[in-house]
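Form predicted alone, single chain, as structure tokens, below.
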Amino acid sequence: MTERTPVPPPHPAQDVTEHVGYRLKRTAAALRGAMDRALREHGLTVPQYSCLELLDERPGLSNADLARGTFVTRQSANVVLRGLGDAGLITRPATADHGRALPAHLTPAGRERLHAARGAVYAVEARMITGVPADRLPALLADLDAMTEALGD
């Protein structure tokens, strides 16, 4: 039997719960749960809401663009878009004018649903950031961006 050399942690930590990655995952899970509950009242899932937000900002995005913007696979984005289309919240052409992309657009019903749900989502975020002093929020956002860049995404 060979002896294993202990791997030093990237920063001082007593156990896994003190690691940055663990804390980020815990926060993301809490945020997702709170958003799921808030959006359920509006008949939306988090990926559906995210698609509506992106389409409100940038009408005509393709399935691939929406997949990247909502952090899901193209296949999952297609399912989300199909559900939004079936609910009358978005429109997409039956065929592509050129290439394979089918640009999506909000319908008036989609815009209404988004605006109603946005208040619930913003209330969740407001609740979440109550734990961060207002003068530290810009630094937190910068730190999160720096961590993302350090991982190459």
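Just so you know, these numbers come straight off a predicted model, no measurement behind them. One rule holds for the numbers: they count along the sequence shown, beginning at 1.
Just so you know, the form predicted together with a further copy of the same chain exists too; it's not on screen, but the next bit is about it.
Comment: a further copy of the same chain is not present in this chain, but in the predicted bound form one of Leu106, Val124, Leu39, Ala101 has a heavy atom within 4.5 Å of it, namely Val124. When contacts are judged by a 4.5 Å heavy atom cut-off, Asp86 does not count as touching a further copy of the same chain in the predicted bound form. Within this chain, Arg111 is remote from the site of a further copy of the same chain in the predicted bound form, having no heavy atom within 4.5 Å. None of the heavy atoms of Ala64 is located within 4.5 Å of a further copy of the same chain in the predicted bound form. Though the partner is left out of this view, Thr27 does reach within 4.5 Å of a further copy of the same chain in the predicted bound form, counting heavy atoms only.
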